[in-house]
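Quick setup: one chain, the form predicted alone, written in structure tokens, and binding and motion questions come after.
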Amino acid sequence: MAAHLSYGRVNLNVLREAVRRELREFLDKCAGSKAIVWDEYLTGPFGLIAQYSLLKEHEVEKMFTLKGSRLPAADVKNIIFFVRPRLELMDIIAENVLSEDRRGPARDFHILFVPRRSLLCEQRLKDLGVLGSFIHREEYSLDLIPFDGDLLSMESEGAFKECYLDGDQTSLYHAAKGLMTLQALYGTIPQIFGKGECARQVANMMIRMKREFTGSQNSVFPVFDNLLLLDRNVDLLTPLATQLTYEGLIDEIYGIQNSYVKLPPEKFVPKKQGDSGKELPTEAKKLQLNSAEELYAEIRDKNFNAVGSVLSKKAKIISAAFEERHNAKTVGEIKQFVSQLPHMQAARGSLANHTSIAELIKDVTTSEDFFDKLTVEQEFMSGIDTDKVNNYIEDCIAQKHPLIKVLRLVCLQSVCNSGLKQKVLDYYKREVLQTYGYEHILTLHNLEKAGLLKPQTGGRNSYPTIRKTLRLWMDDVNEQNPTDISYVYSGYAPLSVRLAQLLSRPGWRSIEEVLRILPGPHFEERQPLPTGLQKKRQPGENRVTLVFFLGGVTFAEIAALRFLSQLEDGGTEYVIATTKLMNGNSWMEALMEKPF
């Protein structure tokens, strides 16, 4: 059991166990010793649901990464390929299988597609002459992976690009399938709200899937009261801005992958070792970040400016606890102190790690360039000078700062101005192409197609109306003891989260005008519940809303929703699901065309 998955109102261990059971059943079909050949992208997500010990129990003896040519030698009966349904991976698998056939004793091959089988892939294997070599060809529907007690992600890296650029709805189908799995485990969700074109399609798919399963009535008592489906393109602004929560900044600077972060090792060397002139470690320090760690759960969602005081307070408490040993006189007292020791040592280790991380982040956030960039972002978001060429962006291009940084700022300006004047847009495009190379013309085209970088049409900027109606900019933000979600960006309240907040109270009718300006339809669907399963809420009991971000979500938005869940009189607790956990950099990367 992963304890941190069951601390919230919804016990996500139920989902994790269901997924693990399906994996065990598949492994048991392949009798005998096994080697797994992994599509490298899947190892991270799989690590969150099944450790090596579980695979070992089911006779998995070797694990390899999927690469061209021959597989490493392994004395096993079964070779199982765990792969995403991608054509280029089928070519590598065929190469592996053919070279194994030539090697000697026959092996049993199996293939497990994650999350769906694909006819195109099977056809490719057939064309390459290896389809018949596979005894089991199955799919493993790993749609939603539990990351934390209130967080699920599909970790589908191309979802935004597929939906908004390629018109490919595969990831929306997987989202609908994932929601059906959730409903099978946690009961039918009585009300569905949505905003955006993709949200509408996912809701339609869910309703159609429910109709197809009419025979089986879901008799599980509903845990969720509402589902809110939100398109990422309803709020293109939020991921472009720099997140200012502790977890958000770790992700912005170092990148969090499947709840792990890799950090520069020199900050984590115990002092004594450093003094003796030993070699400094060169391998990155890898840490897991989730709420199983007490201290991290406390500081992850705070504004970074509020983290230092928490860490120093914790340091005092821990050193006072260690001082207690001098007061332990009797055998009973000593025994009690010793029993608390492992917990205290873990707390001390955790504090040392987070103090080091905070120092690393502080080196970045106190730099002049970080401050200049943040100032420009905040000017755009509060509506200052969004309609002319920005000097700071010009300087960044002239000094050839990283292209992703420049694109994020130009897109932010475009979104905060409902598109740029043609003259300004052409100037930026010309400067970017001349400085960074003409191969990026395809990337600029993608950004335009996604609505991130576009000419202003109709000559009217609708952002000020949206900003004022939804109170997206707050001047006086209390970063230490916040009273509003705008603390996560030190002034800007994420539009997506504001929509969720207003839906729960007073309802979307109060913002009809803004909903019409934002892209895509808004809708509400009811799913009838069988008699006896209607929920009678106790006085003071909070509603549970699942917010599903189609196209990705940032850690700052997650922090803002957690903040709303913890409000005394909020009335709603949120569970968050998404196609991908992302930040502005990973989002831009996914939209960039790789030069050939």
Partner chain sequence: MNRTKGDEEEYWNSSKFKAFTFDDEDDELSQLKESKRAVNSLRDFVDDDDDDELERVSWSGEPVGSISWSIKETAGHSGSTHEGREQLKSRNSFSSYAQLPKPSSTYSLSSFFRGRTRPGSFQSLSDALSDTPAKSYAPELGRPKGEYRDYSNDWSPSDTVRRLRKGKVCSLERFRSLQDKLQLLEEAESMHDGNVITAVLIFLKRTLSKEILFRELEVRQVALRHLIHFLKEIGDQKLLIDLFRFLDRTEELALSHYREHLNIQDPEKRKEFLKTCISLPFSAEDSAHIQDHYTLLERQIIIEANDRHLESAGQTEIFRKHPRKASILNMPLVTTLFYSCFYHYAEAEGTFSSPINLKKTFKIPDKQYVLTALAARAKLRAWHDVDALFTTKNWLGYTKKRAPIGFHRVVEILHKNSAPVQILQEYVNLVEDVDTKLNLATKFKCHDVVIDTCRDLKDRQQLLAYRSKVDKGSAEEEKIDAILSSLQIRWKN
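Numbering follows the first chain given and starts at 1. The shown structure was predicted, so the numbers you read here are calculated from the model rather than taken from an experiment.
This next part talks about the form predicted together with the partner chain, which is not shown.
Shown alone, this chain has one stretch from 228-236, 347-355, 496-504, 145-153 that lies within 4.5 Å of the partner chain in the predicted complex by heavy atoms: 347-355. Residue contact with the partner chain in the predicted complex: residue 391 places a heavy atom within 4.5 Å of it. The partner chain in the predicted complex comes within 4.5 Å of a heavy atom belonging to residue 316. The partner chain is not shown here, and in the predicted complex it never comes within 4.5 Å of any heavy atom of residue 221. When contacts are judged by a 4.5 Å heavy atom cut-off, residue 33 does not count as touching the partner chain in the predicted complex. Annotation: in the predicted complex, residues 62, 208 and 311 each come within 4.5 Å of the partner chain through at least one heavy atom.
With the partner removed from view, the residue among 334, 128, 404, 87 that has a non-hydrogen atom within 4.5 Å of the partner chain in the predicted complex turns out to be 87. Among the residues 254, 463, 473, 296, the one placing a heavy atom within 4.5 Å of the partner chain in the predicted complex is 473. Residues of 42-77 placing a heavy atom within 4.5 Å of the partner chain in the predicted complex, in sequence order: 43, 46, 47, 50, 51, 52, 53, 54, 55, 56, 57, 61, 62, 63, 64, 65.
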